[in-house]
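Encoded as structure tokens, the following chain is the form predicted on its own, with no partner shown.
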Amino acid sequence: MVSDDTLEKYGLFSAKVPRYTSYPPANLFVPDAGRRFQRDWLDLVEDGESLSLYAHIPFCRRLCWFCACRTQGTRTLRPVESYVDVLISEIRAIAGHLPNNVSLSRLHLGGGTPTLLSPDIMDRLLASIYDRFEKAPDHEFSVEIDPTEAAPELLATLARWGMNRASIGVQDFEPQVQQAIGREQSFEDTNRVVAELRDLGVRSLNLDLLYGLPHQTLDSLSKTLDQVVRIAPDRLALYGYAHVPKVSKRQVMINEAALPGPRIRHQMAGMAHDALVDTGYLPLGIDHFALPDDSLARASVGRTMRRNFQGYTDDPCETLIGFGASAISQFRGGFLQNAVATAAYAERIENGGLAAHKGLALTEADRLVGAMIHELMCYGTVHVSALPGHQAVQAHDILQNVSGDFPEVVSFDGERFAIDPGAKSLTRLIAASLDSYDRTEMRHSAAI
């Protein structure tokens, strides 16, 4: 195991770096790119192509203080129903720019709280999607579920439409921690919804956990892990809490003095990793775990696992189209993000346009660095021979320089660049050393 002194030397306990769910990261997207690129990139989607779709529902009855997602509170379904009307209009508009024979490989509903919708509203939304996109043979339909906002009738509606994957946010089961982050959710409520999902035939379940939360300790996190293992999810995501109150204003509700320091955060991540591996989960990427027979674990073993704005995935699609306010799309040409505010998003759609606002067209340099960062984030290694031939020489020189910056934790023999498994916690920092963009004025989360 690499010593804490070495990790500190390379900045693990002090640096702030991107999470690299994309390269370049979303905070580098530029205004008005949507106007320039969206129609052209939609028109370049190929006949017969399989697509991945994401629909964003940016509403919650309660706003969890830890969350940095683009969401807003609501006490009634009136604004939600109006928003879904606009969302359906966007789906129709996008579908009008695509070939008639594209198919739908992945559909993901996220938020916010998708399970806030009534069965009738959910029926309308899903009908608008499946009326225009035929399911591919490998079709998967996943939904983010809040157990405190998941009526049995709504879950049954989702199952009727074919939901076969569900993702449940847990964060931590310790009551003091839950109170400190504004998210009270008992183990019993969570386990009840899990049982309902399994009774409905949902074949894959993911739980999201956080370490580094206020009042969280090694003991409390260990107790949460024991409860999580009793639920036996197929997949787990274990993220480090990102305290960025300048970006997410609601985080000012969290007492910074109650947050564990970086060294404790590092111990939490290591303890959780060991506990889950001892229970039979395989570690994937930098912060995911899966049972060996899960498709994500198989994708990791076969080096077909990918990383996008939803984390690690076995989604094979080259094109991801995001619907809704703030949703991000990925095309062969680059990235686009819809207008963030729901009012601005609705105005664009209602005026007969498309919703993309910010974005970035990829350069050849972006593609090369993005490919290397992707491999590091997924597997901790980069194979020069796997890159396009015209980029191999440039990649070799870049990796040679980076290996010189991290001599104690990185090896490079001219073909295979690899991070020492004991230094996996440095992955984002090493990826950042490949990044050619200036990050000095950007706000990122802690490296651990």
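Just count from 1 along the sequence shown to find any residue number. Just so it is clear, the model here is predicted, and its values are computed rather than measured.
A second form of this protein, the form predicted together with a small molecule, is not displayed here; the remarks below concern that form.
Asks: Pick from 67, 384, 45, 399: which has a non-hydrogen atom within 4.5 Å of the small molecule in the predicted complex?
Replies: Contact with the small molecule in the predicted complex is made by 67 alone.
Asks: Which one of 242, 205, 93, 371 is close to the small molecule in the predicted complex, taking close to mean a heavy atom within 4.5 Å?
Replies: Checking each option against the small molecule in the predicted complex, the one that comes within 4.5 Å is 242.
Asks: Considering the small molecule in the predicted complex, find the one stretch among 138-146, 316-324, 118-126, 154-162 with heavy atoms no farther than 4.5 Å from it.
Replies: Result for this chain: 138-146.
Asks: Does at least one non-hydrogen atom of residue 214 fall within 4.5 angstroms of the small molecule in the predicted complex?
Replies: Looking in the predicted complex, residue contacts with the small molecule do not include residue 214, since no heavy atom lies within 4.5 Å.
Asks: At the 4.5 Å heavy atom threshold, is residue 16 in contact with the small molecule in the predicted complex?
Replies: So residue 16 does not count as contacting the small molecule.
Asks: Consider residue 210 of the chain shown here, and say whether it contacts the small molecule in the predicted complex, taking contact as heavy atoms within 4.5 Å.
Replies: Residue 210 belongs to the contact set for the small molecule.
Asks: Wondering, does residue 266 line up within 4.5 Å of the small molecule in the predicted complex on heavy atoms?
Replies: Residue 266: no, not in contact with the small molecule in the predicted complex.
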